[in-house]
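Consider the single chain below, provided in structure tokens and representing the form predicted alone.
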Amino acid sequence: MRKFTFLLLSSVFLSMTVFAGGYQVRLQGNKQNGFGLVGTPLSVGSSAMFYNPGALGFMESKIDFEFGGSAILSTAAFQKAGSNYQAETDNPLGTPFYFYFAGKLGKLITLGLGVYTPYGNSAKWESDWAGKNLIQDISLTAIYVQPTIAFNFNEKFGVGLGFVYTIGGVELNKGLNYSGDAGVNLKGDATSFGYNVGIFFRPVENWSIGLNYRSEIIMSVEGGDATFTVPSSLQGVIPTNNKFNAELPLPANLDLGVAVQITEKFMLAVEFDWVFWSVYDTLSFTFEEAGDLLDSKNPRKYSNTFIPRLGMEYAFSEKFQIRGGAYYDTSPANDRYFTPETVTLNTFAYTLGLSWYPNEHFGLDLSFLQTFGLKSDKTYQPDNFGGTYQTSAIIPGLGLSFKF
């Protein structure tokens, strides 16, 4: 009984890996969203704080303020291996947002503050679906607060550095392999620190190059709540109300991009992003009660990923521009430990966008993304649960900007 209970609870907490191993939300500026999510080689205002702090000092206005968000309408579908059984998520609306403010102190220094949400997830499967013992529903939030300083040394070269304070929270529900409504609710909060550093370079008038590094951040959940609903015969083995600790890594990112103003009206850019998911090798957790029984280390074996991006912009005038782009995002998940709390597949996406500036102080940015997760067979070996997954998402976005 003790060995069985240990293995069961291990599978419970493996589903918490979405906090570190789910998809990364790069919807941190609606100009960039419509541009294939390319941002590292661009200087388009205060939103450079996320994509490349080194470009912040090249903003044209003395004061720049941007805010906005996106609406993620996503679906994941599953067909169980060897049967006709199918299931589909009914996900709540995802709403990543951003807020940026920046001001110049003379010609050399620019200061800014950004608040944005680069990680987040909401997924909801039917409570009695075939994979309920892996996940029923999950809600994840991670908010980054980033004060930033940038130095514009001359017309060609700038560097920037942001200090990142992260606030995160996660809640999930899953079933347990017992009679009735046996299950568990997990809820935890965490804070941590990191940094964001970038270099921006214009070797000639029509070219710009950006390099950005966003650090790994370790989110340490301490005293999270674990509430178990189990038959009375097991309450002496599994404490109904327990506390747990866990360390959950958010991976580092290294982004390199090049933008070329091919004509006065047309710009083309490419970007290559490396996401260091391999930091997520093992999930370890400890419990306040029954520690020796429940404490465990579980392999995840995520892999680093490489994302190529392409963006284009055509300016009809100073007041109106349109954009388009595309990218291909590979999944970091290990096929042997694939869990459906966040169905992360190799994904192709295209993007569209436009900006309208009715006057020199105000701008409206619209964006649209559609993603297609490529159909793939995946298995969670500890529970021998596998099948075919497919995903899709539609993501409209709206942003406002003010310049003075």
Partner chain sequence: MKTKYILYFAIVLFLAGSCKPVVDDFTPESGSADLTSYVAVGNSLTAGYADASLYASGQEYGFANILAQQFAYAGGNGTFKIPMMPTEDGVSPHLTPNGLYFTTKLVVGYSTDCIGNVSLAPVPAVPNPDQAKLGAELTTSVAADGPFNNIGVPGVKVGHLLAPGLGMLNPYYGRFAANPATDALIGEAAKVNPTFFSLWIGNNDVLGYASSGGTEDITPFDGPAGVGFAASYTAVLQSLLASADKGVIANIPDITSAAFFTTVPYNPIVLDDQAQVDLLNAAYAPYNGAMAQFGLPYRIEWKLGPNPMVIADLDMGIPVLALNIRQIESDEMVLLTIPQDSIKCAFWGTQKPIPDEYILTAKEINNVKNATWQFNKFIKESASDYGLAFADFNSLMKKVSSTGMVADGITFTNAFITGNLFSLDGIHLTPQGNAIVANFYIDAINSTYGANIPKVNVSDYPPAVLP
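Residue numbers count along the first chain shown, from 1. Source: prediction; values computed, not measured.
The form predicted in complex with its partner chain is left out here; the points below concern that form.
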Here the chain is shown alone; which of 267, 164, 134, 221 has a heavy atom within 4.5 Å of its partner chain in the model of the complex? 134
Would residue 368 count as touching its partner chain in the model of the complex under a 4.5 Å heavy atom rule? yes
Using a 4.5 angstroms cut-off on non-hydrogen atoms, would residue 375 count as touching its partner chain in the model of the complex? yes
In the model of the complex, is there a heavy atom of its partner chain that lies within 4.5 Å of any heavy atom of residue 24, even though the partner is absent here? no
Would residue 68 show up as a contact with its partner chain in the model of the complex if we use heavy atoms at 4.5 Å? no
Would 114, 186 and 402 all count as contacting its partner chain in the model of the complex, using a 4.5 Å heavy atom cut-off? no
Among 335-343, 53-61, 38-46, 352-360, which stretch has residues with heavy atoms no more than 4.5 Å from its partner chain in the model of the complex? 352-360
Judged by heavy atom distances of 4.5 Å or less, which residues of 388-404 approach its partner chain in the model of the complex? 388, 389, 390, 391, 392, 394, 396
